[in-house]
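We give structure tokens for two forms of one protein chain below, kept apart as structure 1 and structure 2.
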Structure 1
Amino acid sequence: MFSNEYLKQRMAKAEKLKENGINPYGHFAKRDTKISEFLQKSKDVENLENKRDETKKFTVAGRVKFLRLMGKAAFFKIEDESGILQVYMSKNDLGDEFNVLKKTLEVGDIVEVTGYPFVTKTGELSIHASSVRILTKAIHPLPEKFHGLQDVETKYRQRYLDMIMDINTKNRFKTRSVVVSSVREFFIKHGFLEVETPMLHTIVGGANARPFMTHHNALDIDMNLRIAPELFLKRLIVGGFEAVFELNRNFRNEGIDYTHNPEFTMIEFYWAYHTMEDLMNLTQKLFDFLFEKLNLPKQLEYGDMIIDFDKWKKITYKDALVAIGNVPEDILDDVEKMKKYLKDSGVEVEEHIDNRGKLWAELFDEFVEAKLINPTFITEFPIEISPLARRSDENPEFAERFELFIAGREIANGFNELNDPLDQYERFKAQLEAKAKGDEEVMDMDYDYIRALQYGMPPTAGEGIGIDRLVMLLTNAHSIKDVILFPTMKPKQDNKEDI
């Protein structure tokens, strides 16, 4: 450990600081001004005849991102969260302090600078240092600035380094924070109550997905990390709350790709005495609210696509298969014909998938989803793939459900909630039968939820929106890893020579 030669050289410089009575890991910083504030408060210096104002005194701090030594003077740039600033220091101003800094200061160090504003001959507003103090000595060198951090995997594994080197990364996560706070603000403004429900469940429920299993030692029971908060939130509707939401994490033991991470963020909200049509209208209002908050154009660039948020569309599941996916309509009621069509198209279908609804879903995923660029609500889902949605009174084979697709990806899922306890019981039984046939992504029987429905749940509509995918869309990010600060990754054997 600490065998890397570069690290040894930097550690020697940290020892040099100690020899000069300077703690290279001191604590008590005296910063009184952020860099953005310095630049704002010093703008008038550009109008002065001598381009400097020695009556003003500021103390700023940040990480050294560039350093140029010139004998008895030096220019370097420091960066804090708010911006970047050029610093000028000289032996005339700093005396012996300059000699120590010349031998020990390096790119990556975190420093505190006190001085006055001035404008250089090249016209750059800078700070003329009267004091420079190393607050934290960086032992590991930063990547070379010209090339930056090139390795994508390193960007995800060492997010701190990614943030140091790429301001776009920091800005993307600042946008994510604005999105999350704005979503919360929107629902509170519309009368929804924010709640928290359990992360540890004893029953797998709320969505079709494989759970992460664990064991509670004190109770000696198996538990799972929740795959969705749905059944608990609907219990609250039974209890008398009429509009609730939860913005939090879900966990699904599934594959990892550009749009899936095992740990992800969603908002789920439930609205008594409202319908899925109300939810679709509310969702459009949410997007309008976010576009205003983020100052985004309604014609949004995403990769090589232009998504028009003035052109919302609604189409049934079946019509989408035929009109958008070009699936022959005459096979949609024949299980064997659909299996053959999928097989002939090179799509492998698992043996346990043997009903119309699940085969429709296979067809939709393969032939429709990627073509849904502008915001599109898909409605009238097959009942077989909608175990918690209300059955249509007009056509009981379909659920009163929708999903929102944008840029070829699912963004939201909502429906009129099933509040018939007998129907719900039969659907849970069907889920258990599917599990017995090998389907590992179905729900367990939740007897207490059936009991809750027996007390009566008012007509309710509910929806879930994936926050990570939403942020991807709004920041033009093409991997979910780009919008999750610390995405799930397979552990890597650390090379001790690198630390």
Structure 2
Amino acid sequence: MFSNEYLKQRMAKAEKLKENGINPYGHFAKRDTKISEFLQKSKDVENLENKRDETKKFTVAGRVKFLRLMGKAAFFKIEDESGILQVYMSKNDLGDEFNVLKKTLEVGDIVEVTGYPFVTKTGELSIHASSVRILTKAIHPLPEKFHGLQDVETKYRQRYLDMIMDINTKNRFKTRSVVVSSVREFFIKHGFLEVETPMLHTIVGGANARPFMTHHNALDIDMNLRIAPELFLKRLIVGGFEAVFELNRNFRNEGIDYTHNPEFTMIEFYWAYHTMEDLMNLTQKLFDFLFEKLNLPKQLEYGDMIIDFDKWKKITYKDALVAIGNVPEDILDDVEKMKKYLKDSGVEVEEHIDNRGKLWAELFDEFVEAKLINPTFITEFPIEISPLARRSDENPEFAERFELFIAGREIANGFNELNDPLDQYERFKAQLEAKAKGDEEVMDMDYDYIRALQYGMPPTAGEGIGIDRLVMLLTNAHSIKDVILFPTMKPKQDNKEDI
């Protein structure tokens, strides 16, 4: 612990500060100006004859990011949340204080600087220090300044360091915060009520996924972290709330990869007396709202794609297979022909995929999904792959369901809700049968939810949007870990004391 050579050297400097009457972890900050404010208020200085304004006095603070010590003067840069500022200090101005700083000040330290604005020979607006105080001594050296922190594992495990070293990281998470608050603002503006339903469940439901299990000691019952809030939100519709949303974490005990984290953020919203058509319109409005809030171009860069948010499309599942996937129309009602087509295309189809809907899904995943770059609503889903959606009255082969695809990826999933209690009961029973056969990603029977439907849920449309993936799209992030502040990582077992 604290045995590294660099830490020892820096701790010795902290001791030296104490010897000079300075607490290396003091608490006497007197900052009166953020760096961005300083730069804004001082920008006229370069028009002055001697390029300085000694009548002004500001106190700024931040972390030292660069340090250039000379014999009797020094330049360094400090960064706060708002920006970065160069400081000039000299022995002439600081006297003995300069000598102490010269021996103790290092990159990484948090300092407070009082002084006046001036412009250097090379034209950089800076602060000429009359006083420099170390507020917090950093004893762990920062990564090298030119390349910064490159190791992705360290960026995820030590996010604080990633934030110190990479302005893009800070900006990306600021954007995430704006997205989350804007989504809230949008739904509240449209008359939705934000609600909080339980995260500790006693029944697994609302999605098909394996849950995290835990135990409540006082009640002596097993509980699971929720995989979705859906069934509680729809109970609220039964209760009389007509538009509700919940924007919070779901937990699924599944694999981790660049689009999956065990805890992830979803917004689910339910709208009584509305239809999936209304949801699609609302979704498009939500994107318009976000683009305005974030000041993003409608032709958005994502990876090597350009996504045109002025060109929304709506197409049925079947038309997408034919027009976008180039699947021959005459095979779409023939299970054997579809199997042969997939096989001839080099796609291996598992044996249990034996009905029309599942084969359409195979064809869709293989030939369509990756081509849906611009925002596209896919409608008229096969009933076989839509267990929670209402069956179409006009055409019982289809579910009243849509999905939104952007950048070849599913972004949203919505449908007219099933509100027939008997039908819902049968579908829960089918889940139990699948569980008996060994399927672990199934819902439990929720008798209370059936009872709620017995009281009557008005015609309702509901939708879910994955917030993490939405932020990935809007920040051009490749991995979900890049938009989650502290992504789930396997702990390292090596010497924990050796920090």
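Between two forms, the rigid core is defined as the largest C-alpha subset superposing within 1.5 Å. Computed from a predicted model, the values in this text were never measured in an experiment. Counting starts at 1 and follows the sequence of structure 1.
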Item to check | Pair member that is the form predicted alone | outcome: 1
Next on the checklist: residue 398: after superposing the rigid core, is there a C-alpha shift of 2 Å or more between structures 1 and 2?
Outcome noted: yes
Item to check | Exceeds or equals 2 Å, Cα of residue 326 between structures 1 and 2, core fit | outcome: yes
Checklist entry - After a core superposition, would you say residue 366 shifts its C-alpha by at least 2 Å between structures 1 and 2? => result yes
Checklist entry - So, with the core fitted, how far does residue 314 move at its Cα between structures 1 and 2, in angstrom? => result 2.5
